[in-house]
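Two separate entries follow, structure 1 and structure 2, each one form of the same protein chain as structure tokens.
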Structure 1
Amino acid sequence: METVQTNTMTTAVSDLAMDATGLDDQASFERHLSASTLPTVWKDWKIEFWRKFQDLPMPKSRDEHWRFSKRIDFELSSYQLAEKPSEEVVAEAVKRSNVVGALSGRFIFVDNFLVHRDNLDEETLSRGVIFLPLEEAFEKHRDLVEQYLFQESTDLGSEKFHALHNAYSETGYFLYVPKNVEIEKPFVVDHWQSAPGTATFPHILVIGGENSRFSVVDVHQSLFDDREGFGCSVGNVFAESGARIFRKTVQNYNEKSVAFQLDTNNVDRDTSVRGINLNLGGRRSRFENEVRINGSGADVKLYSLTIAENDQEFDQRTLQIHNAPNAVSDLLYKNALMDHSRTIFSGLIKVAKDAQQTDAYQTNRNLLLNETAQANSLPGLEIEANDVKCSHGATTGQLDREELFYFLQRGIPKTIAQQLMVFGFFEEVIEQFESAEMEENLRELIREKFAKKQLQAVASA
């Protein structure tokens, strides 16, 4: 990466910083840079990404990668980096970080601040596992971290937001599991937003050495329902030969928030990589997931569950790239939509000329709970090889009226009936979490969402 000297900008920090407003404000960035304790080389990267952010245009709904998205109706000037949270806020965040109980290690972040950590035990450390906050990892294992830090980006339309993320991001974590090491319990990280107008930029680096085996869980949430937030997360997974990595992500921001999750997966020979996303929150949520299969024998499974209500919009863009022969990728995204909500799925499978014997699938299924909900699907194939099995499909349907009538006739409220039918629709993916505790906790999050909907229905009756 080309470095840029910080002298000009750091010495230019001026009285403008005192008037700093939103994320896209030059003075805000200068103030952030001035306050940063990162090493100079990292600050140089920040400046480079800030300039890239400024040069890139704001996406528009007519852009192909933003097709069917509503107008991007949020202003980056509305969000700022928050001050350190109070002890009361920290205590509440720690108390509510309970999606996973049995774990190998845990970090809890609030408004970009690390507020709690459960370190690895001595045995795990002795096996060479590194699980550290990003800045600390860079300080202690710089040669290793630099191989991966800021090296990846999706190519699916959010390059401007990716550059903004890299310009501001300092928090997140670095997870490295060495060759032949298997860790049974998951690594868990909770990312909270608490202050009004807070912008958070979690940066996630996961590296699985040869024949390693482990799982990691990321949970993004709002601590309060009435405070707007902007969450822009970047996650990069690198799976070396034979690695088995399972990444699980929950997005449960409040409905005043805007969320971006921009993920990449680099997959080598004979690896098994799985990813599951549960999407519940956010007023506008954009999820980009790009997979690059670079070794034969790889097996990639991607799942996503989304429940949309009111005027929520969930925009999902995926890219499965097969660069090597004899590999498998299978994607299944399921969406349940209520009220006036919208979902967009745009996925592409690309098979290179030499990636013969590829098995690649892509399925998007949508369940409409109201006639005013809208699901858009754009699956696609781009195949250069001539000996492959690839398919894609999308279905959109209403609730079965006879089944719904059956529930209503037995005195079951409509919202509860819809909840039961959605659980039936989702169950094949929920079972993939492979953790009874987590599966039940996620079902509870879904129940809470329907419970709020039922209260709204009662209040408006």
Structure 2
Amino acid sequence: METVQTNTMTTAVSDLAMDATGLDDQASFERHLSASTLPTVWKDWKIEFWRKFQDLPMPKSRDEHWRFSKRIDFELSSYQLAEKPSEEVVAEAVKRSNVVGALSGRFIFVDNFLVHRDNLDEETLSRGVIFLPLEEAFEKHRDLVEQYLFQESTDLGSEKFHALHNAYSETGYFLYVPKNVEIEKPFVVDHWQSAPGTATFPHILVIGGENSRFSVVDVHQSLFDDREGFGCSVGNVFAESGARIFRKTVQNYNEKSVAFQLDTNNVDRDTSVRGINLNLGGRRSRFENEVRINGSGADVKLYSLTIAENDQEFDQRTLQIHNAPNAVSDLLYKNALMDHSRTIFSGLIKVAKDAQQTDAYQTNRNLLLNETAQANSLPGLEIEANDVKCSHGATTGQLDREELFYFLQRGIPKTIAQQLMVFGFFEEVIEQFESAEMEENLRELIREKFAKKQLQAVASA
């Protein structure tokens, strides 16, 4: 185990960050750029992305991709890049990075700084696996990294935030598992926010070579409950033919934070790609997840579980694109809502002309636990091939009164019964994490969230 105290690039940034104004400020960006020790080519990309960011308009809730988004109420100018965290903060972050115990390799980031790494063992390294912080990977495997770095964008509405991310992001990781390599234990990365008003930009590149098999876990959290933050992560998965990739993400920022998670999946033939999200935190969270199936025989599954309370808004936009025949994609997004929270699910299945024999499904289920909570669904289909099986379904409802009555008949108190029913609703997604340890840890996170509420707000039957 090695705890990274510092590195040249991040120190330089931290010296200047103090003077920087908000993220969207030209001077702030220029200071960031001049402090950066990245190679010139990368700095040139940054300038390009910054221009793009400036050119793009801020989204409004009347934009089609932002329909039903009510709370685009944050100012980019209130966030900035943070200084290097103190040793106490680092120690706390390391201590609390415990969602996964058994792992192949791990990075812990705090406020964009790499503070801890568990490197891969010799055997894994000898099989050609690359798991490195982004900048280090670029330095050591430039030809390989360049094939994937900044190749993707989002088409789902957050183009401006994507450009902002690319302009600032230098931390994150590069994971490459070569042809025919199977790795049993997951790669795990913890992304923490600690300083007040911090903006973090985790950049995640996951590449599965032909017939590789592995899983990767990202956990986004805040170290303190009362400090505002802006987390904007971009994750790009590339699955080469036959690869089996499982990506698990947990978002548990504090309820003062604004979070963006802008993901893409490029999927080749006969691959199996699974993505699963547990979303608990953030004041405003936006998720964009795009799947492009470019090879036949691919099998993609997307799961998400969101638990919303108070004034939280979770805005989820997905796109399943079938460009190749004989592939399957299936999506299940579940939301449980309390208080004045809101969720938005907007999903689209697009089947191209040549993608015959596609099987594509999409399901959004919303459980309203309070009458003031609001669930919005926009499930969509755009089908241009005729020999397909495509369907979508969306339901919104409350806890079943008859079920509750049945519990009460059996002598189970109402609050316990309600809690059991709510966990029953979650379980279908939780068990998709397929790791007993992780499932139990996540259930605990959910219990914590509910303990605060004590389920008193659960709709009375």
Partner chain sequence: MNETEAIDIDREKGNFRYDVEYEYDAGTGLSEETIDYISEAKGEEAWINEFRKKALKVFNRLPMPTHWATKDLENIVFENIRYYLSQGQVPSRSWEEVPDEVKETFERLGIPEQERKFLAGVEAQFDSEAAYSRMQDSLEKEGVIFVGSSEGLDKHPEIFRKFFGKVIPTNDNKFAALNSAVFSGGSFIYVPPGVKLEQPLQAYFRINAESFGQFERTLIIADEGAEVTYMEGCTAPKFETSTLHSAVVELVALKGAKIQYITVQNWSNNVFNLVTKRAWAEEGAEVKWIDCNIGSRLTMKYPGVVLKGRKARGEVISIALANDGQHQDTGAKMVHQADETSSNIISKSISVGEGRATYRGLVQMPEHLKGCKNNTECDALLINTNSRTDTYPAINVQGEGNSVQHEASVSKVSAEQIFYMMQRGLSEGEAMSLAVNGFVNDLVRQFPMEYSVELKRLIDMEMEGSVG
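Numbers follow structure 1, counted from its first residue as 1. Heads up, when I say rigid core I mean the largest set of C-alphas that superpose within 1.5 Å between the two forms. What you are looking at is a predicted structure, and each value in this text was computed from that prediction instead of being measured.
Structure 1, not structure 2, is the form predicted alone. Fitting the two forms on the rigid core leaves the C-alpha of L408 displaced by at least 2 angstroms between the two structures.
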